[in-house]
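For reference, the chain that follows is the form predicted alone, supplied as structure tokens.
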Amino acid sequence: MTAQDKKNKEQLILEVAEREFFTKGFDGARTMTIAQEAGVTHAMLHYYFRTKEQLFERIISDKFELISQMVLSVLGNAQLPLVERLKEGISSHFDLVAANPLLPRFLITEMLPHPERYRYIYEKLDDIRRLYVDLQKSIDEAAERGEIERVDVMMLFTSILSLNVFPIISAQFILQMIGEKGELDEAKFLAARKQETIEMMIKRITKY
């Protein structure tokens, strides 16, 4: 097996494991099932990842690395005007959650009740914490110049998370409950909702 073959096989295992952990949780996930769906033996699975815990840690680490990179690449881009950074940040976060709809539920059910698992993500969040400080400084300076309303970045992030996550995890429920028959288009609903959230958050901080 070539190095590329090993890399491809490892990636396939990770994709299958992510689905298994996100749908069944850590306790419900089975390494035997992961191995079978990835087309490898149980022994080979343990060759790539020695334990179930190690595989779980890799899944969490990779996801938060993705989140960290997304946040930093947009909100950390000092070349963009502040309002544009926020617009792009909201849009990128929405798209990330939409592409990973099982992630929010998984974090609530598997991470929040187990604070000992936070160690998997501490290092991934260091850059985001520094961004938080820098972004608050930029907002304060812009507010002093009269360009925007002052807002606490923690509250801003909390609002963005709330407004972006709920519509994605509940889209089908909302459409079934109040949508018109024949108009249950989830993609159209989510696109409209993303734009609504961007406009709502920008109006919160800008002066008209």
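So that the term is clear: the rigid core is the largest set of C-alpha atoms that superpose within 1.5 Å between two forms. Model, not experiment: these values are computed from the prediction. Counting begins at 1, following the sequence as shown.
One more form of this protein should be noted, the form predicted in complex with another copy of the chain, which is absent from this view; the next part is about it.
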Check Leu112, Met200 and Arg204: does every one of them have a heavy atom within 4.5 Å of another copy of the chain in the predicted complex? yes
Contacting member of Ala143, Leu66, Ile169, Met44, with respect to another copy of the chain in the predicted complex [4.5 Å, heavy atom]: Ile169
Name the single residue among Gln54, Ser61, Thr33, Thr158 that comes within 4.5 Å of another copy of the chain in the predicted complex, judging by heavy atoms. Thr158
Could you tell me if Glu196 has a non-hydrogen atom within 4.5 Å of another copy of the chain in the predicted complex? yes
Contact label in the predicted complex: Gln11 to another copy of the chain, heavy atom within 4.5 Å: no
Any non-hydrogen atom of Ala98 within 4.5 angstroms of another copy of the chain in the predicted complex: no
Does another copy of the chain get within 4.5 angstroms of any non-hydrogen atom of Leu82 in the predicted complex? no
Determine, after fitting the two forms on their core, whether Glu149 shows a C-alpha shift of 2 Å or more between this form and the one not shown. no
Against the rigid core, is the Cα displacement of Asn100 between this form and the one not shown at least 2 Å? no
Core-aligned C-alpha movement of Val83 between this form and the one not shown, 2 Å or more: no
Once you compare with this form, do the C-alpha atoms of Ser73 and Glu110 lie closer or farther in the predicted complex, given a change of 3 Å or more? closer
Hey, the CA atoms of Lys87 and Ile67 end up closer or farther in the predicted complex than in the shown form, with the change being 3 Å or more? farther
